[in-house]
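What follows are structure tokens for two forms of the same protein chain, given separately as structure 1 and structure 2.
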Structure 1
Amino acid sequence: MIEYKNLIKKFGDRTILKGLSLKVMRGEILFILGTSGTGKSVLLKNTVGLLKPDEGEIWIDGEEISGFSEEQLQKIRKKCGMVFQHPALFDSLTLFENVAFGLRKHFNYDENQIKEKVNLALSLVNLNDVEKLFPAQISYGMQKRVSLARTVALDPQILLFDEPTTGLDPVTTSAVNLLIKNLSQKLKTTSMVVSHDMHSALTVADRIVVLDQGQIVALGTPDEIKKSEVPLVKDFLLEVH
């Protein structure tokens, strides 16, 4: 579904991604782990064209997109739903209007279709009877779920999560992890999750990739990662025990 070939991304004289190559299989949940500043979020932003690589190729669903114009990227962005670290909801809009926002902007649905899609998206993230509430009236964890519903409402083929459980308590973290797993299975999406939470990765991922200094130092299933001898991976695994 997604392939990165020899991806290089620099900011000034700092090289963040150093010739990274990776294939993401259709329908899998891939967790990307690493310490801060190793290029995890930069990789996601390159995927949807928010950043452009300096060298290398990005293939999405059979198309090489690294040289795409803004106009060409719109088609790719419709395939990709991005869930950011912070919910970033519109305070002045109800939760219904927050979820409907992208539907109104990108599609020509009538009001009945919008209502149907919003209600379905909210039910997928286990939120019912909240449409009339405003963001300030619900918890941070619920706001995260609304931002997920807003993304899911657009029927993306690819879901990109940037630190989805940061700032959440363990119970809400487990709930969000379960949501990612269930949504990927129900909607048959390909999911990439940037995280520094090894426990979440071992629970949810089909495969885990560990980045260090802009390069892949480990890649495998949760069982393979548990047996890794890579020092950084061992450090991450210590958090789990």
Structure 2
Amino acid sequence: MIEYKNLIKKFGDRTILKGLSLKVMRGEILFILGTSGTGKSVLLKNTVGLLKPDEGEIWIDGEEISGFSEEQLQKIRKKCGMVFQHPALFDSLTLFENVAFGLRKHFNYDENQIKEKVNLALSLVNLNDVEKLFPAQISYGMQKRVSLARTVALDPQILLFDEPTTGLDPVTTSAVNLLIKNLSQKLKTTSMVVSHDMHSALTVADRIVVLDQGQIVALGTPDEIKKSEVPLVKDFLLEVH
């Protein structure tokens, strides 16, 4: 569904992604772990065309997108939804309108359909009776969940999550993990999930990639990763009880 071929991304004289090659299979949940600053968010942003690679190819569902125009990228972004690390909701819109925004922009749903889709998306992230509030009136964790709902509401075939559970309590973390798993099982969504949370990765992922300084140092199923001898992977495993 997604393939990166020898991806290189530089900022000035700093090379962040150093020739990364990786295939993400249709319908799988792939977790990406790695220390802070290693290029995880940069990888996701390249995938939706918010950043362009310096070298290499990015294939999404049979199309090479790294040379795509802004107009062509709009089509990709409909197919490939991204949940950003930091929520960035529209402050002047209610939570309902925040979630409805993309639905109004990209589809021709009537008001009843929009209402149904917004309420379903909010309930999937355990948010009920908050539609009328504004972003400033809810906690950071709730804002993160609204931003998840906003992307999930669009039913994209591919979902890219940038640290969807960082900063959430354990109960909500489990709910979000279950949501990712359900979407993949029921809607056959392909998911890439950037995370620092090895426990979530081992529970939810089909495969796990560990990045270090812009390169893949481990790739495998949760069982394979558990047995890894790579020092960074062992450090991540120390967090799991």
Ligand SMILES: Nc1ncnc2c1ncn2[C@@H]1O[C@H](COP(=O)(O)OP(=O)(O)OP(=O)(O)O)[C@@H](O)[C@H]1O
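Because the structure is a prediction, the values reported are computed rather than measured. Take the two forms, superpose them, and find the largest set of C-alpha atoms that agree within 1.5 Å; that set is the rigid core. Start at 1 and count along the sequence of structure 1; that gives the residue numbers used here.
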* To do: Please match the form predicted in complex with the named molecule to structure 1 or structure 2.
  => 2
* So one rigid chunk twists against the other between structures 1 and 2 - which of 172, 21, 185, 155 is right at the hinge? -> 155
* **Turn angle in ° for the smaller rigid piece between structures 1 and 2** => 15
* Structure fact -> Shift in angstrom of the residue 144 C-alpha between structures 1 and 2, rigid core held fixed, comes out at 3.5
